[in-house]
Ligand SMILES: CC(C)(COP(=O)(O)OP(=O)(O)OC[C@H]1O[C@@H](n2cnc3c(N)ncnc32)[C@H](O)[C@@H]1OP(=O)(O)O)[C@@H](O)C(=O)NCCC(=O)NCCS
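Single chain ahead, written as structure tokens, the form predicted alone.
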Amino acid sequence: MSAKPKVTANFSSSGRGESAPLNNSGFKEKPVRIREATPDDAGAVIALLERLYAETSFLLYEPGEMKSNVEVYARRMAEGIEKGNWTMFIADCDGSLVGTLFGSRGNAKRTYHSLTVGIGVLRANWGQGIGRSLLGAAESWAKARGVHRLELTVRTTNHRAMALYERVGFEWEGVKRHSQLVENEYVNEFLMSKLIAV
């Protein structure tokens, strides 16, 4: 059996830093690189999101619900990056995307210190440290920009994701009751957050 490949990151404060090894469990097959997405990645990101929505009900959108034009999506990415209030990290496995994390800052001055994140990893790549690495990249991005609070929601039945969030320092804050309607059934979400020193 070959040695575990290194996972690298590319998320300096400018978003264009040098690659560096991440401290995680490694990946089973091909090396995976965590990097900040650019507008050039829009088509691949849309394709990844469509695959994620098709294979799990834990994410916000249903299969086929998200209708995205590549040019429009790329433009939105560019605007968010330019304003500094949005980011996306992707897990790139030999040119194929296997996971992503997006983050959006609050729009008001009173909430600009907070970054809401959403994350998804293809089922075939679960348990390989990708989620932890994506969250680490988001936290590094946040620290470099003076963000003090990371927050997310997670379905109360998504025990695997909750365990990951707890391992990296997120804490429960409360329950969003009947926050989603999934297959004609109302479901609850936990609100979780992590405060980081800036």
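Quick caveat: nothing in here was measured; it's all calculated off a predicted structure. Sequential numbering from 1, following the sequence displayed.
Keep in mind the form predicted together with this ligand is missing from the figure; the text below concerns it.
Does this ligand get within 4.5 angstroms of any non-hydrogen atom of Gly120 in the predicted bound form? Contact check for Gly120: yes, within 4.5 Å of this ligand in the predicted bound form.
Evaluate Thr56 for contact with this ligand in the predicted bound form, applying a 4.5 angstroms cut-off between non-hydrogen atoms, and reply yes or no. Yes, Thr56 is a contact residue.
Against this ligand in the predicted bound form, would Leu150 count as a contact residue? Criterion: heavy atoms within 4.5 Å. Leu150: no, not in contact with this ligand in the predicted bound form.
Using a 4.5 Å heavy atom cut-off, state whether Asn125 contacts this ligand in the predicted bound form. Yes, Asn125 is a contact residue.
Of these, 127-135, 64-72, 34-42, 141-149, which stretch puts a heavy atom within 4.5 angstroms of this ligand in the predicted bound form? Residues of 127-135 come within 4.5 Å of the partner.
For the stretch 163-189, return the residues whose heavy atoms include at least one within 4.5 Å of this ligand in the predicted bound form, in the order they occur. Counting only heavy atoms within 4.5 Å of this ligand in the predicted bound form, the contacting residues of 163-189 are Ala163, Leu164, Tyr165, Arg167.
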